[in-house]
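Consider the single chain below, provided in structure tokens and representing the form predicted on its own.
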């Protein structure tokens, strides 16, 4: 690798260096407590997935360029240049990480491996080694935001088809899926596809909510890629839409990373404070049930049901009780996973890994603890309010031959609502 490129990669660390990162690099005691907390290491036994090892690769580069002893006696102090071999190691360990941050929860020093790996991703991108699939998906989303007029008519036509279904489900011929509605209270940001729009539209209609649907989806592959600028541009699409329409809040659909991007990261990336609040759809539904704005039939969910805490909503987003209150309001037999909440095991499908086929085999292996949790409950239904989690759980179910129905919470809510329409169970 040329000297100029080595200097560029070292410059990435220098640019990212702050007190938090320096502390993480300096204080790791290599106690390896994190090995028993990482679903990937537990599931595969592969040393490259050990959280401390992941961080160590960045630490070695740091020592080479920013530590006097490492610069002068690199072999003794485990300092390394970011050559092709090191970058390949870094790619495999970094893009496989789901950023669940369970290792941080159990680390005696609360070292945030995901934060350290954000530096690794920035280095890989600078070296032209960012994940190609994630990059293509991020670029496609940005292009859509740059030229929304090319897609608007097709999208609105599709929304009209969903609107017809909502009218049939609710039994109300006046039910709408509003788009570009200025002054609405809520801008709802779904995912690509009717599955995240239809149940939300039913719930908003029954609650009498003032809302409008975003023309953009909430998924953010720039975040998975590790490119903060691309991630900001993708989130800007619906944040700018919210500003233009003058809404009071942005509500994110059942998606883990999208909620965290909108709630936590976007203000830092943009350098601007939102003039509206950001909430997850489950916070809104919980409020509607509590306030009596929608009615659900208690015990409508038949069979034993459990709940999976998506890492980005739960451990990294702080939403634990709202989804549980909703499920308990619907279920006659709720059985929580053990452990749960902050200690919940990652299912293995986060971080964009479901879009990267090179990790498929290890991804399935990494779900071993999640399968063990589910089997221990005896549940036949699992509610998972995150699309990537559901995709992973479906593949784990098929691989391990589990008798398990995997469902969004919104669908359960619509099924439990006493609606006048004839297709409520299909929402």
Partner chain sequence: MSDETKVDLELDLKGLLCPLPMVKVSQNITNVPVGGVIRAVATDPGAMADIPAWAKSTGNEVLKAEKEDGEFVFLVKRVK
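As the structure is a prediction and not an experimental result, all values here were calculated from the model. Residue numbers count along the first chain shown, from 1.
Keep in mind the form predicted together with its partner chain is missing from the figure; the text below concerns it.
- Comparing 155-163, 179-187, 248-256, 329-337 against its partner chain in the predicted bound form, the single stretch with non-hydrogen atoms within 4.5 angstroms of it is 155-163.
- Contact annotation: of the candidates 192, 207, 243, 129, the single residue with a non-hydrogen atom within 4.5 angstroms of its partner chain in the predicted bound form is 192.
- Out of the listed residues 139, 168, 89, 81, 139 is the one that sits within 4.5 Å of its partner chain in the predicted bound form by at least one heavy atom.
- At a distance threshold of 4.5 angstroms between non-hydrogen atoms, residue 355 is in contact with its partner chain in the predicted bound form.
- Contact check for residue 402: every heavy atom lies farther than 4.5 Å from its partner chain in the predicted bound form.
- The shortest heavy atom separation between residue 293 and its partner chain in the predicted bound form exceeds 4.5 Å.
- The closest non-hydrogen atom of residue 279 lies beyond 4.5 Å of its partner chain in the predicted bound form.
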